[in-house]
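Just the one chain here, the form predicted alone, laid out as structure tokens.
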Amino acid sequence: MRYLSINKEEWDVALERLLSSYTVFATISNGYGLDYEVVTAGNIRDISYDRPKPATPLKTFFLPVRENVTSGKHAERQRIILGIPNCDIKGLGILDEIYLDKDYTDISYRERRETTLLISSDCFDMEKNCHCSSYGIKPYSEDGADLAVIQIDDHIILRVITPKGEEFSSQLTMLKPAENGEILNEIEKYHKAVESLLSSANKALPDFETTGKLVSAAGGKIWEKYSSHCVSCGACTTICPTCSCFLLIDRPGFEKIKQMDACQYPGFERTAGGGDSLFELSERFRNRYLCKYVWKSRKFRSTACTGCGRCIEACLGKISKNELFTELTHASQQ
């Protein structure tokens, strides 16, 4: 894997030049945390590198919450998304399997994917609920993204991952091969340090396969216990980088509106005849975990949970799936 290097000031200049050809989104810190913002000449120097994780999941750039799928479409402007954590890059894997299926390709999704350059950011730290490594996912991208960006002091290092990333980097003439062994060793040191942090913080958490077995075997009482705090707001599914259920709403003039949906909403499976297999809150709650850890793993190669922890942070009922899975683990060992 090839590494390229550029001085931070030169990188900022190069980014500013790209604004004439691309719409650029990057992770920027504000008073509320870290999230994506449109990059302008005025905020380039505020871009945050190597930090987990933006509040908004990557899927939002490819699956709008609401869109008219029958309106005339115009070609999307080329765009760059910079600062993506690897948990979101991996989350895009299952969305690609669903929406780029050769027999049922979503044209709008495909166009957005084709016109987007993905630049991930290595995580040199972790947040409280991060647990990507529990599911075999590294806190830095080696595939999925086109490039990875890292800041070490006043240097920007780019890791070239795909041919698309190679082609893009060739346009930036100020980039040079990263020949400073000390900087590359520093990157490796950060990788090992954050992997150790994640391992230590989540040592009681089962891996993905074990979680699926525990969820399948769990009786009704534990679902009733944890769902008793659920208010059916759907925040967990909305903020999740892999959940993508939607409704198609008919409107006059043969319009169809694609609206994101959530299995935690009452009436999610209600039929025209009034039947509803997920009428009970505890059943809807259990359904989400079965979908993520059991059913989707049978159908897709990519995992349906990448350990970002956003669902825990967004939950109004303060429900932690990690506490749920740890409790299931302890119960299975007794």
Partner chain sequence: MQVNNNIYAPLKARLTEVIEESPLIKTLVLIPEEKFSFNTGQFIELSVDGIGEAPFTPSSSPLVSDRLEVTIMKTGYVTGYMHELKPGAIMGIRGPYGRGYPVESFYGKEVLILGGGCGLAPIRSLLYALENISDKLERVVLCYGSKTPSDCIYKPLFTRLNNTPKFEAHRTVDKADEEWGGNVGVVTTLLEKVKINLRKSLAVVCGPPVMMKFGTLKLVEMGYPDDLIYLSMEKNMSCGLGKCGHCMMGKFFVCKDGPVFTYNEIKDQPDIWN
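Numbering follows the first chain given and starts at 1. On a predicted model such as this, the values are computed, not experimentally measured, just so you know.
FYI, the form predicted together with its partner chain isn't displayed, but the following is about it.
*Of 98, 204, 231, 183, the one that lies within 4.5 Å of its partner chain in the predicted bound form (heavy atoms)*: Among 98, 204, 231, 183, a heavy atom within 4.5 Å of its partner chain in the predicted bound form occurs only for 98.
_One residue of 49, 36, 268, 285 in contact with its partner chain, assessed in the predicted bound form (non-hydrogen atom, 4.5 angstroms)_ = The option sitting close enough to the partner is 268.
*Hey, in the predicted bound form, does residue 159 get a heavy atom within 4.5 angstroms of its partner chain?*
Contact with its partner chain, no.
*Looking in the predicted bound form, any heavy atom of residue 146 within 4.5 Å of its partner chain?*
The answer is no: residue 146 has no heavy atom within 4.5 Å of its partner chain.
*Distance check, residue 29 to its partner chain in the predicted bound form, heavy atom within 4.5 Å*: Taking the distances in the predicted bound form, the answer for residue 29 is no, it never comes within 4.5 Å of its partner chain.
*Hey, in the predicted bound form, is residue 44 touching its partner chain, heavy atoms inside 4.5 Å?*
Because no heavy atom of residue 44 falls inside 4.5 Å of its partner chain in the predicted bound form, the answer is no.
_Which of 193-201, 82-90, 250-258, 116-124 sits within 4.5 Å of its partner chain in the predicted bound form, heavy atom basis_ = In short, 250-258.
*Non-hydrogen atoms within 4.5 angstroms of its partner chain in the predicted bound form: do 69, 272 and 295 all have one?*
Affirmative, all three are within 4.5 Å.
*Are there residues in 147-177 with a heavy atom within 4.5 Å of its partner chain in the predicted bound form, and which are they, in order?*
Contacts from 147-177: none.
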